[in-house]
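The chain below stands alone and is given as structure tokens, in the form predicted alone.
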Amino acid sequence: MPAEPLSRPRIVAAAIDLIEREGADAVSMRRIAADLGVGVMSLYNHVPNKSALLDGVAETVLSQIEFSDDPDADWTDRVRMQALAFRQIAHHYPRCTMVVVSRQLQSTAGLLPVERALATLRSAGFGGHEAVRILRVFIAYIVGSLLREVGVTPTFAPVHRPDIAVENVDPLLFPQVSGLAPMLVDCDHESEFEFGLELLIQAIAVQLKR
């Protein structure tokens, strides 16, 4: 079979695969070229530099978000569906999601989720400044939940550890922690995310009424 021609989508796909395997720090033009089995200079015919490559990664990930919210639905339902859609893609590409939130994207793929979220909030009755601040709150919540759920550190390396080492807790010094340790150790990430999301939506609804 002939080798697949080198192209920007193929280069970006290789970068996505590398990031999910080894983290964003592993990405370099030389490493991507080696993974693809091509000369490093050939990459520059399609991607001008590493920064543009990471932009491509972010845009590709965002373009895969499947929005299913109904424009005629209540704004709370639309916000909920948009947040869940972003979480779904973030869960599929946890390390690449850290790249997404670190880039300033100007492409259609990069701006469409932002446009949808802001339009939903504005149609609900929020002013421009409030809509932007609320959007940032949701992004912080989703990314924070992802960090906890997948265990991705700021350097994009995975870690897995329980919240509490039960055997090391002194029940006399920490009676609440000791008593609630089984619940602190156990975590249904999907349920926890939906619980926090509902709290956010309810709080924002109160803000709208004010």
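Quantities reported herein were computed from a predicted structural model and do not represent experimental measurements. The first residue of the sequence shown is number 1, and the count goes up from there.
Omitted here: the form predicted in complex with the DNA. The next part is about that form.
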*asked:* Can you tell me whether S63 touches the DNA? I mean in the predicted bound form, with a 4.5 angstroms heavy atom cut-off.
replied: no
*Mark S28 yes when one of its heavy atoms lies within 4.5 Å of a heavy atom of the DNA in the predicted bound form, and no otherwise.*
yes
*the DNA contact in the predicted bound form: H46, any heavy atom under 4.5 Å*: yes
*asked:* in the predicted bound form, does R148 come within 4.5 Å of the DNA, counting heavy atoms only?
replied: no
*asked:* Can you pick out, from A34, L180, L173, M41, the residue that has a heavy atom within 4.5 Å of the DNA in the predicted bound form?
replied: M41
*From the candidate stretches 181 to 189, 63 to 71, 46 to 54, 139 to 147, select the single one in contact with the DNA in the predicted bound form, where contact means a heavy atom within 4.5 Å.*
46 to 54
